[in-house]
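A single chain comes next, written as structure tokens; it is the form predicted on its own.
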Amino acid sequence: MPGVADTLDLTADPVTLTVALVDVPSVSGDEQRIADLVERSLREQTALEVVRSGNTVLARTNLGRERRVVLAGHLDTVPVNDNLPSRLEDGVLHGLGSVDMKGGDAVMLALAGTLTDPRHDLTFVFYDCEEVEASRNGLGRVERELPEWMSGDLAIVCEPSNGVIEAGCQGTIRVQVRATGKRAHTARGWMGVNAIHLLGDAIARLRDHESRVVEIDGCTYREGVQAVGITGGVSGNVVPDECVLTVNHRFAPDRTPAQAEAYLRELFDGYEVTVTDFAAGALPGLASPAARELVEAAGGAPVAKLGWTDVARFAALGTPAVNFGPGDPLLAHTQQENVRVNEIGHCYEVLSRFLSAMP
């Protein structure tokens, strides 16, 4: 895109950095240009160790500090929807990726460029392909090939969180609940068994189901079990012999995927249940010393993350993780993506205070 700089000024304010990043198109799978820009800027302007893995850029300090904090943000966006280039109006920055999540990336870059003597050793992970299937996610590649780069005492995923610390995340599991009947001509329906009718009880169980509300480390996680799809039917004059109900369960991080599966099998006892997808949640991890420092620097009460994010990848490796970044996540993936510039500044100030303050 015309006017895009060849390098980023990492000492600029994070709002200026956000504008520069938004104006570089980086739809999933097409991140080379923005990854080149980030890599070149880090190599030329910092003393960080910098490594490239595909279109993921990794950088870190090696100062021998007692603790290490990992900051992570993805560089890709969903497809362009007539929302480039960026525009700044009345303290609000509009444009693709402004919320999800180039505001967070800009905060990370500003920290990399200005924190020359941080309290903790720092690792920065700018990764690719977060907005597409999990098998392409750059964090997965780093975990497989460079796992030491994901290790730390605390990980901060700078996804939009309205500038509030969101601790841990829910797990998710999808299942198919299947009913099997017997085909017959609808003119002689009594000779068949209607599989769609058989699923009526399963749907009633969902309707009457009361999901758990769980408090962990002062954070309230609200579970949910929802029907998200149903298929069945052969033709307009045939009693169907199969019907499949797809159900998504968002579960609190005190449960493992296996426990969530057992919960659903009990809920749908008498039906055939097949797991089609799952991902473990992440416990808040707020008891770790580094997490306590971050909460103190933020000056507000953490809340539970109601959804799944890449914090779960860090938690699975034993690194406590939180979400903390500028912008309203409800605006992510919309044509109207925008972020208030004061929220970008707030997140930078909190993280700068947390990472540079002395005991």
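Note that the structure is a prediction, hence the values are computed from the model and not measured. Sequential numbering from 1, following the sequence displayed.
Form predicted in complex with a further copy of the same chain: not shown, discussed below.
- Residue heavy atoms within 4.5 Å of a further copy of the same chain in the predicted bound form occur in exactly one stretch of 280-288, 221-229, 93-101, 134-142, and that stretch is 221-229.
- Only one of 245, 165, 122, 252 lies close to a further copy of the same chain in the predicted bound form, with a heavy atom inside 4.5 Å, and it is 245.
- Interface residue among 270, 189, 79, 147 relative to a further copy of the same chain in the predicted bound form, by the heavy atom within 4.5 Å criterion: 189.
- In the predicted bound form, a further copy of the same chain stays beyond 4.5 Å of every heavy atom belonging to residue 216.
- Mapping the unseen interface onto this chain, residue 262 falls outside it, with no heavy atom inside 4.5 Å of a further copy of the same chain in the predicted bound form.
- Though the partner is left out of this view, residue 194 does reach within 4.5 Å of a further copy of the same chain in the predicted bound form, counting heavy atoms only.
- Using a 4.5 angstroms limit between non-hydrogen atoms, residue 317 is distant from a further copy of the same chain in the predicted bound form.
- If you check a further copy of the same chain in the predicted bound form, you find no heavy atom from any of 258, 303 and 341 within 4.5 Å.
- Applying a 4.5 Å heavy atom cutoff to a further copy of the same chain in the predicted bound form picks out 200, 201, 203, 206, 207, 222, 225, 226, 227, 228, 229, 230, 231, 232, 233, 234, 235, 236, 237, 238 from 200-238, in order along the sequence.
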